[in-house]
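Consider the single chain below, provided in structure tokens and representing the form predicted on its own.
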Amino acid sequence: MSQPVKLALADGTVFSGTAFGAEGESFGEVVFNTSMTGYQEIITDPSYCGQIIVMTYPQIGNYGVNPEDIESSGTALKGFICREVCEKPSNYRATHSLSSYLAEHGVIGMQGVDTRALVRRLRTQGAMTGVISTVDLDDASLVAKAQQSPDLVGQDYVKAVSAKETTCWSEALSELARTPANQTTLPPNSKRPKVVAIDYGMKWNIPRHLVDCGCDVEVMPGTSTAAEILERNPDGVFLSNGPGDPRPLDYAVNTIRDLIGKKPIFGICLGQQLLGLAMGGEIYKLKFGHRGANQPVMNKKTGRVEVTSQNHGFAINEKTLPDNVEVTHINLNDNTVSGIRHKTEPVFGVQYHPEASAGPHDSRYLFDEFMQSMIGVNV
């Protein structure tokens, strides 16, 4: 017999479905992702901390879950919703079904939902707090809980998912590693650049790509100070993705501000937002955010359009950026800022995930530019 489950939104809307994965109750910001594949990477992405994910593609779970494609050591999301879950995946690499994986990690899944209606509501009303439950099926009770649950805005989720101590990234090169012909060529007799990756909720594919580029990577907590980072004597600093609202993260903004002009810096997603704050810009919340592996971005310098993977609910206000910062990339769906660069320092960031291979290689040049800023040669 199928286990019933309900989702209540803060605006009073209630959706019913059948449960898979874990049982229980949790609350979070309800958002949607337009990717057709990559659900395993989404589930294990720490950037989804505090959120309930709705997948727009109708059937999810077809190829199961395997231990090689995870993006972190666990899960941080609060719920997972789809139209239909596949209980019998077909993939020789799969070690779990999606349902068994969610159950193992305590994540409530919900299927049998009219996801088109749910996504349309989120697009119209905006992302909002919701409660998903298999234990309380009373509509009025769930709506009250959703309305009383804390909003994601103004909260610090980074400390919940960031690394707790400094470590050296040592995972073997992944299957996503570039072929030797595509790898960055270092100058003869040069040492491998050392990168400190500040972990605000970092996906593992980021250090994988940095290693593939020829870097040695040390991962440091998101609360690290500039002095602690400079003590490691890196050739460059990477600012990772992460969850939630960047505006409460004064400790991260102060660290980045103190690093500008001292080391080359490359930030993505939350890392770019924090970089924008550190350089004097302001942040605002998007109505429903950008989440998916099919987001078009234009490089203003070249005019080229990149197909990108994105996951964020906040953006930089272009009008607030100082004169020494330029906008380098624009999201073509809504013209929001997708890239910034300091005009005189080797400091830049993008709002999307160049390591996620959405294009699949449209954005590889960004890692090459970071390498160039560290080793001082054309790559």
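Keep in mind that what you see is a predicted model, and the values were worked out from it rather than measured. When you see a residue number, it is the position in the sequence shown, counting from 1.
Omitted here: the form predicted together with a small molecule. The next part is about that form.
Between 92 to 100, 269 to 277, 250 to 258, 106 to 114, the stretch whose residues reach within 4.5 angstroms of the small molecule in the model of the complex through a non-hydrogen atom is 269 to 277.
Proximity to the small molecule in the model of the complex, defined as a heavy atom within 4.5 Å, singles out one entry of 28, 313, 354, 64, which is 313.
Using a 4.5 Å cutoff between non-hydrogen atoms, residue 79 does not count as a contact of the small molecule in the model of the complex. At least one heavy atom of residue 242 is located within 4.5 Å of the small molecule in the model of the complex. The small molecule in the model of the complex comes within 4.5 Å of a heavy atom belonging to residue 47.
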